[in-house]
Ligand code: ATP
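Quick setup: one chain, the form predicted alone, written in C-alpha cells, and binding and motion questions come after.
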Amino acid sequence: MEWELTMDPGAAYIVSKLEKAGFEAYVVGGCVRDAQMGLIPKDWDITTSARPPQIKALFPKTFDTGIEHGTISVLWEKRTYEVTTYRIDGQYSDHRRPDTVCFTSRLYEDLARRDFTINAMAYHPVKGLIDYFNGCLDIKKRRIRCVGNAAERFEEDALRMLRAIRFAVRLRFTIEEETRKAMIEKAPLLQYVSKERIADELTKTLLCQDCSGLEEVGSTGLCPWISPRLGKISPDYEAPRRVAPEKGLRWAAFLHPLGSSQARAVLSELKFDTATIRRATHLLEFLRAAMPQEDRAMRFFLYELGTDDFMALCQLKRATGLLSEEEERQMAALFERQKEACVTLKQLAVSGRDLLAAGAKTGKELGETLEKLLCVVMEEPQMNQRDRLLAYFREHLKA
C-alpha cells in the first residue's frame, strides 16, 4: 500500500464493526482529502453498503440525521460520525436537492455522484486509497475539478458553484478550466438556491484566513444571481483579506462599495441575522467619517461609534485605502489612552435612581439629564464621580 491514513479511532471502530457484520465500509470525502494534503481531518464520514436500518441495528446510540438520504449519525465516546449508505441521486428538478435517492451496493456509483474529485476519494485500512476520479492528482496540481460532467454537477445543485470557489480560496487552489466554463454557463441556476444557503457558503469563503481568489465570484458571473445589487455595483474582492476574519467586519469590507444603505439591503435579502447586519452597516456608516486627532475628540467619537467597533473601523479604513499604516498606528495609540474612558451611560458614576432621589424629573427628561451629565464627563473625565455629578446636577440642571 503506497499511502496509509492514520484513522480516527471512532471511524476505525465503525468501519470494522460494519465489515464484521458483512458490509463494505470506507471513510470518505473531506477526511481523506485533508489527510492527503497533510492536514488533520476534523470530521470523519463513513460510506457503507449497509442500509439505514442495518446501521441502526449495529450501533446502540444513533439518530436520524438524514435517513431519507441514507445518513445515520453514530455516537461513539461522545463524538458523532455520519454513516451514509451508498446511493445514486435521482433528478434534481429544483437544482438544489435530489427528487429521489436510490441505494446501491457499488462504491463507485456513490463516489460518482459527489461534487469535486478531491471530495470523491475513499479509504480503507486494508484496501487503501480508492480514487476513481483522480482526486489525488488534482490535489497535486492544486485544482478544483468536478466529478464527471461539470455542467451536470451544477445543474444538480447550483450551490456547488460557490462551493468550488470556497474550496479554491480555502485550499489556495485554482478552478480547472472546464469546471470554470461550466460555472459561467450555469451561473443563472443560482437563483433557485435559497438565500440562506448562499449566505452561509459565501460567509464560509469570506472567513477563510486568506480569502484571496474571492474575485472568482465576480469573474464567473455569479454576483447578479446572489443579489441584483451586486450585479450593478461590484463588491471589493481584495479588502476582506486585509481585515480580521470576523463575520460582520469581512462582510462590511466586501460590500463597502455599495454604501451602508445598499449593503443593508443585500444582507437583508440574504436573510442574515440582525446582529451581523447591524455590525456591518454600522461600520460602513462611519467608513468615511473623519477620525479623531486628540483625546477629547476620541471620547466623543467612541460615544458615537462604540468602543468595541473602533479598531475594526480602523482595519476597514486601512483595507479600503482611507487610512495609512502610520495613521492606523496613531489611531491605535490614541484609542489605547481613551479606551477605558466613560463614553456610555453604563459607565457613568450616577444612575437614574440617584438623580430621582436628588429631585430629577422622570421620563424623557431623566434620560436627557443623564446624557447631559455624560457629555460633561466626556469633556472632563475627572468629573465621573458620584458626588461631583450630583453637585453638578443640583447646580446646573435641576431647575
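What you are looking at is a predicted structure, and each value in this text was computed from that prediction instead of being measured. Sequential numbering from 1, following the sequence displayed.
As for the form predicted together with the ligand, it is not shown, yet the points below apply to it.
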Sole residue of K346, K42, R337, K361 within 4.5 Å of the ligand in the predicted complex, by heavy atom: K42
Of these, D157, D131, D138, E176, which has a heavy atom no more than 4.5 Å from the ligand in the predicted complex? D157
Please tell me whether any heavy atom belonging to R170 falls inside 4.5 Å of a heavy atom of the ligand, as the geometry stands in the predicted complex. yes
Report whether the minimum heavy atom distance between R113 and the ligand in the predicted complex is within 4.5 Å. yes
Even though the ligand is not shown here, does H124 get within 4.5 Å of it in the predicted complex, heavy atoms only? no
Verify the contact flag for G66: yes if a non-hydrogen atom of it lies within 4.5 Å of a non-hydrogen atom of the ligand in the predicted complex, no if not. no
Answer range among 353-361, 338-346, 25-33, 50-58 for contact with the ligand, defined in the predicted complex as heavy atoms within 4.5 Å: 25-33
For a quick check, can you give me the residues of 197-235 that have a heavy atom within 4.5 Å of the ligand in the predicted complex? R197
